[in-house]
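One chain comes next, on its own, written as structure tokens: the form predicted alone.
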Amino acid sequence: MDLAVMGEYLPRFGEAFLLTLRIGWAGIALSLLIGLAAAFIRHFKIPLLSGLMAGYIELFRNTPLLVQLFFIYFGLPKLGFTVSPELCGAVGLGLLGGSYMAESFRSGLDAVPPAQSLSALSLGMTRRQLFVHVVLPQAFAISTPSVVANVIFLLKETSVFSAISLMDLMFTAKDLIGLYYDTTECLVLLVLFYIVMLLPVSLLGRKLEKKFEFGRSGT
């Protein structure tokens, strides 16, 4: 392994890392918004919308991200909608992630015991106060491990962005390997940058889980 070669490639991997991080977190932010909306719709069983959300979740959970990206990037222009690779990556990741986040949030909402809602209402709480101060905090605490796992999964899924010509980490590694055959050096850099991207999320997730566990045990 040539450290000089790795040092030479470091700036290119750094640029690819920032691009991957930017698009990845944009997609994750979108997935959280979609997931919350879909979870509320399914939890409260809103007519018509609940069925549509169920169909959306099954569709995106059971098709690969690569297929979804190809449909958005190559299929939508046939219908007159042209999207940039960056937008395609963020939207594709957001739609895939939203289907997973929706189930995580819904499981958290469904796991709150109904007896607590009845007790809160009997104490004079309004339904809004009940939802904001009783249901939501517990639902988020319960769904935290699953949400963190989904975030890690989505960040790893950014590795397929290279298929739509995005200069992400995977594209950069494959490009340099194809040009200069420095396979070991490129793969080591690729692994290191993914660790830098994912390890803080994993550590933060563990910290949040311990905090919520302590909070539940203290109540």
Partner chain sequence: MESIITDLGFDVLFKGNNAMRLLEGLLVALRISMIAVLISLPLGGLLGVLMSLKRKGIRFFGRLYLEIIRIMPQMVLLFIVYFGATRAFGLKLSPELSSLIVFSLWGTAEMSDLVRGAVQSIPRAQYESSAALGMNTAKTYCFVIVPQIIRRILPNTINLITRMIKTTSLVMMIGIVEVLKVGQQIIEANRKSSPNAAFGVFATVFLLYFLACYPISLLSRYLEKKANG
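Numbering follows the first chain given and starts at 1. Note that the structure is a prediction, hence the values are computed from the model and not measured.
Form predicted together with the partner chain: not shown, discussed below.
(request) Using heavy atoms only and a 4.5 Å cut-off, decide whether all three of 133, 167 and 210 touch the partner chain in the predicted complex. (result) The answer is no: none of the three residues contacts the partner (heavy atom, 4.5 Å cut-off).
(message) Would you classify residue 140 as touching the partner chain in the predicted complex, given a 4.5 Å non-hydrogen atom cut-off?
(response) Residue 140 lies outside the contact set for the partner chain.
(message) Is residue 50 near the partner chain? Define near as a heavy atom within 4.5 Å, in the predicted complex.
(response) Contact with the partner chain, no.
(request) Give a yes/no on whether residue 59 approaches the partner chain to within 4.5 Å in the predicted complex, heavy atoms considered. (result) Contact with the partner chain, yes.
(request) State yes or no: in the predicted complex, is some non-hydrogen atom of residue 162 no more than 4.5 angstroms from a non-hydrogen atom of the partner chain? (result) Although the partner chain is absent here, residue 162 would touch it in the predicted complex, with heavy atoms inside 4.5 Å.
(message) Given a 4.5 Å distance limit between heavy atoms, list every residue of 164 to 180 close to the partner chain in the predicted complex, or none if there are none.
(response) If the 4.5 Å heavy-atom criterion is applied to the partner chain in the predicted complex, 164 to 180 yields 170, 174, 177.
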